[in-house]
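The form predicted alone is given below as one chain in structure tokens.
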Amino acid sequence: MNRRKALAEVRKILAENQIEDATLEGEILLRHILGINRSQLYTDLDNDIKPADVKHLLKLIEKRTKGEPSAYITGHKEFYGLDFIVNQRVLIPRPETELLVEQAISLCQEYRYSTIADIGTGCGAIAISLAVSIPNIKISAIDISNDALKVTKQNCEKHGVLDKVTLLHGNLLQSLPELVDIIVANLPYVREKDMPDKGPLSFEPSLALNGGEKGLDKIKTLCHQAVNKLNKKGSLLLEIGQRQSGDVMAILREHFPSGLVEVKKDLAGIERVIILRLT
């Protein structure tokens, strides 16, 4: 079997099992087996695949059709143009979270911020993307899970930013030793009643998804703690879920009555990031 036929077969199986983006998912799994990039795959579509690789590919397809996300199967996920190591100890980075990174970079450029705290860092996608993108920045990457921080460290080493990123174990801001210019957080915001018991989300750590009854438990606690952790002209950036902007803005105004608050929409038109800036 050559690569062209294998790619067609993989796409067919995934599509028949109602896997979204079957073409892309099939390509990811095939490239993972062959250890090649996208350009190499499409340049040499007529190259034969070893029988052992075909057998391995079929096993991975079976995992995917049972719901396991491709990122966990391959152990990798791209975010903000970088490749991150991921496993079931951490949440899989989402494209919409790149908006959080973009807004943080913009604020650092405009206000010459030099210190950032990334709360609930997981695999470190936000912290590391910021460390790679912003010169002379110092970042504290905090997570309540030691298992998650092991993955963060691997990714910091992979991208050569251990000198810019300090890993801290703790609950939200409790372990942050000093004031910072920016607090950025993609905290759990899934409502408890919406927590999945099957499908791709069920493979991800509930600790990183479950935000309590209204999906706001962790966000409320963070906003309360942030009062004593932000520099006087600092900013707080939060990723939120659908239809949560009103509640989160009310929480922010309660704790920061004189702060400026704005909402940014993602590419799908969903209110995704809330920015608080102290003046």
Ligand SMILES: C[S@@+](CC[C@H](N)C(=O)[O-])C[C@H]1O[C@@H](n2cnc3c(N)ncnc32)[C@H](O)[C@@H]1O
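In case it trips you up, residue 1 is the first one in the sequence shown, and so on. Everything numeric here is computed off the predicted structure, so don't read it as measured data.
Although not depicted, the form predicted together with this ligand is the subject of the following passage.
Novice: Using heavy atoms only and a 4.5 Å cut-off, determine which of I137, L207, L167, I73 is in contact with this ligand in the predicted bound form.
Specialist: Exactly one listed residue reaches within 4.5 Å, namely L207.
Novice: Counting non-hydrogen atoms within 4.5 angstroms of this ligand in the predicted bound form, say which of L187, L176, L99, V151 makes the cut.
Specialist: Of the candidates L187, L176, L99, V151, L187 is the one lying within 4.5 Å of this ligand in the predicted bound form.
Novice: Counting any heavy atom within 4.5 Å as contact, can you tell me which stretch out of 118-126, 102-110, 153-161, 193-201 lines this ligand in the predicted bound form?
Specialist: Result of the contact check: 118-126.
Novice: May I ask you to state whether S145 is within 4.5 Å of this ligand in the predicted bound form, using heavy atom distances?
Specialist: Flag for S145 set to yes.
Novice: Does this ligand come within 4.5 Å of any heavy atom of K218 in the predicted bound form?
Specialist: So K218 counts as contacting this ligand.
Novice: Verify the contact flag for A141: yes if a non-hydrogen atom of it lies within 4.5 Å of a non-hydrogen atom of this ligand in the predicted bound form, no if not.
Specialist: A141: no, not in contact with this ligand in the predicted bound form.
Novice: Within 4.5 Å, heavy atoms only: does A131 come near this ligand in the predicted bound form?
Specialist: A131: no contact with this ligand in the predicted bound form.
Novice: What residues, if any, in 91-116 have a non-hydrogen atom within 4.5 angstroms of this ligand in the predicted bound form?
Specialist: L91, P93, T97 sit within 4.5 Å of the partner.
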